[in-house]
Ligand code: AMP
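Coming up is one lone chain in structure tokens, specifically the form predicted on its own.
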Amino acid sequence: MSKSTLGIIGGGQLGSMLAVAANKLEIKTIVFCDDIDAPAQNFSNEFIYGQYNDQSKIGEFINKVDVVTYEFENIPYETLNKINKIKPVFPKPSINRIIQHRLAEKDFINKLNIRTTRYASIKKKSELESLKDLLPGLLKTTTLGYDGKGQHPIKNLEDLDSLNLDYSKEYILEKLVKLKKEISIIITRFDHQKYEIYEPIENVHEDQILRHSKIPAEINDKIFEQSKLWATQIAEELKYVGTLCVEFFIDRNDNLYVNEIAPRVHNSGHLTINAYNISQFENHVRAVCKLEQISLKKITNAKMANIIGDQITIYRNKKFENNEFFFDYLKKEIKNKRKMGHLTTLII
């Protein structure tokens, strides 16, 4: 679908970088977002502001685009499904529906005989009290939550009393693994058995926010191959179109576990912009717009650091080396724990 107009739902930094990649390919972009200050409007050809259930704005958006994608999971399924009946949405809304719900996501992964940490559905406090063998664990809302929001570490049952949880919401309790390392796989699926897959990326989180990523990951060959295989199996089972991220835990015994799936381009893949011939963003645009699939080539090793909150003011006044690439997301408001930009350093 050459020279089509790509609609992007969501206007944060991922939407911005999708728009930049599309522009490079001479694909026009229209961003639809419920944030009037969304930074992606600085990079797209057109911007539509509206709530994601505003039927008038949805209609305006549909009429202006040929194909639609989105930059984050928490868009109402009803909105994506309505759009998909008129214009193709990639990845399909049915995929997003599974991954929006942490319990459905874990069940889906386990049915593929892919290992996750042990988990249980929690609908009332008494259920937690019978699941002591899953402690210490992480209690999460089954829907919503990003960058650690809606997540509560629990060491023992006494920790529950201080949380004051709303049991009208559904929760999932996941047993904590004795964590050695976290990695992610970025994969772009174009069609049946047609993929471009990036090498495993090693990640470091602080306060459940990604702070650093690097390639190559310091992992053994078995984990290298198994993580790629599992990501490929997940993408194929979902009949996914576009770029997908699978996040993994590695425990102290070098067992691999899928933590979660992100049905979109991903923060840990930002270093692909400078470290590969084709970035995760360009590959996503190529896949959803039915453009040519080009073989991936890694140019160099790299590391990426997220710039959080008011750190951005330092970077905006800094000079950089030739192997450093600073990305300012141009967010108007600086907030604590908000991702404001990133720095990729090529390791030459």
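The first residue of the sequence shown is number 1, and the count goes up from there. Note that the structure is a prediction, hence the values are computed from the model and not measured.
Omitted from view is the form predicted together with the ligand, to which the following refers.
For the residues 117, 110, 94, 232, the 4.5 Å heavy atom test against the ligand in the predicted bound form is passed only by 117. Between the options 84, 255, 151, 121, the residue in contact with the ligand in the predicted bound form by a heavy atom within 4.5 angstroms is 151. Among residues of the shown chain, residue 175 is one whose heavy atoms approach the ligand to within 4.5 Å in the predicted bound form.
For the chain shown alone, residue 74 is not a contact residue for the ligand in the predicted bound form, no non-hydrogen atom being within 4.5 angstroms. Taking non-hydrogen atoms only, residue 205 approaches the ligand to within 4.5 angstroms in the predicted bound form. Contact between residue 131 and the ligand in the predicted bound form is not found at the 4.5 Å heavy atom cutoff.
With the ligand omitted here, the record of contacts in the predicted bound form names 241 to 249 of 241 to 249, 219 to 227, 193 to 201, 86 to 94, defined by a heavy atom within 4.5 Å.
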